[in-house]
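The data below hold one chain only, encoded as structure tokens and taken in the form predicted alone.
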Amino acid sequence: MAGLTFSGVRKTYPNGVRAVHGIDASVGDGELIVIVGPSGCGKSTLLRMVAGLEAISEGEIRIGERRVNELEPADRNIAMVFQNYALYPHMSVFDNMAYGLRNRRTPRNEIARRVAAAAKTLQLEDLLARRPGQLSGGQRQRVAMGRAIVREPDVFLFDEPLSNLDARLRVQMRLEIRRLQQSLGTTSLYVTHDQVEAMTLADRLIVMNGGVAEQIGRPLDVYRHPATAFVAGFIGSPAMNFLPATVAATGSGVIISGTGHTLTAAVTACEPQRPVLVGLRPEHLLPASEDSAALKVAVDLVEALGADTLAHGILPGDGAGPALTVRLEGSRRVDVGDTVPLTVSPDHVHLFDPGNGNRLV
């Protein structure tokens, strides 16, 4: 086993496009780090640089104590699981899992032992004679993971491995991957654009945007204390509400622009009248009485999800007013046209700089 270290890692293509801007991070031995972000943010490029499939323009990547910048992929002792499985259709499950070991001239009895152990772990024992075309999507993904496991690598690399599965199977496979990684204790990098997948799998997250690692931290720390408005809007489902506001002259809170609503918030680090961007998570907006309400949302769309109900609307005021989404208990009845009074704890009012998006502490 081995840790993984990024030091000033950059990727610039020959046409001048910068895909990754100076990543500095360390992955502990046995840790599962999820790299999450929207399409085109550089997350897969970073993974491919670890794998040796993309050249590193600047900086250094180390696996354990070894600098791997110039090493061929086969010499890095990593195993990669792809989103399209990358299985050989003409080979059996056993042969697909054994293929890499045979290329390394691993003794036949050792190949049989490793494949049998991986098949037992992944519940593939009864499928070893089948070919990929005879398997379901979830079974194929297990075979792809088995092929990685038998190599006993220093690092596992997962490139959006669940993106081709249906929603129910994704949840099941997500749990299986987490249990498997914990039992094996292998250092792992996992790339996804699905923030729910990221939150549930990761020991720590690297949230990327435009080639930059905007925040690195434990999932709940990133959720509770987002470093930027981008991170705040990307992590959490439904997404955080953002409302333009100004710091009240009294320094007691913020005034939501165009509505007259005032929220109590920690603004001691902000000068009065300063423009700010207020972030409110839908689950932190709580129903209140008319007298105690800090906000009132005029509902124009309702999504009844069973356990939860999402109410979408606007804050009445000058003009149309800013949009707001509220997560309510599924048992609460709310209809289009209702006005719902809400309150929010000052601890759950996030403030960001409207220019650069950085969190205001």
Partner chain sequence: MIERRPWLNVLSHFVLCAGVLVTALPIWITFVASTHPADSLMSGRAPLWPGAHLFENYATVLDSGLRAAGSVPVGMMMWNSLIMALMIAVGKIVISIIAAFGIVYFRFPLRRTCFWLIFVTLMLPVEVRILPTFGVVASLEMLNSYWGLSVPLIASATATFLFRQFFLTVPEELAEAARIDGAGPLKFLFDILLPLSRTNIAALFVILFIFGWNQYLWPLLVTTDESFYTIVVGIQRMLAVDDAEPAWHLIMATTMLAMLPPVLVVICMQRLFIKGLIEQEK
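In this text, all values refer to a predicted model and were calculated from it rather than measured experimentally. Residue numbers count along the first chain shown, from 1.
Note that the form predicted together with the partner chain isn't included here; everything after this is about it.
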Partner-proximal stretch of 258 to 266, 273 to 281, 178 to 186, 145 to 153 relative to the partner chain in the predicted bound form, 4.5 angstroms, heavy atom:
145 to 153
Within 4.5 Å, heavy atoms only, which of L220, A112, A249, A74 is in contact with the partner chain in the predicted bound form?
A74
Pick from I235, L201, L87, A229: which residue has any heavy atom within 4.5 angstroms of the partner chain in the predicted bound form?
L87
So in the predicted bound form, does any heavy atom of P287 sit within 4.5 Å of the partner chain?
no
Does M91 reach the partner chain in the predicted bound form, with heavy atoms at most 4.5 Å apart?
yes
Consider S136 of the chain shown here, and say whether it contacts the partner chain in the predicted bound form, taking contact as heavy atoms within 4.5 Å.
no
Any of the heavy atoms of N103 lying within 4.5 Å of the partner chain in the predicted bound form?
yes
The partner chain in the predicted bound form: contacted by all of G52, M80 and Y99, heavy atom 4.5 Å:
yes
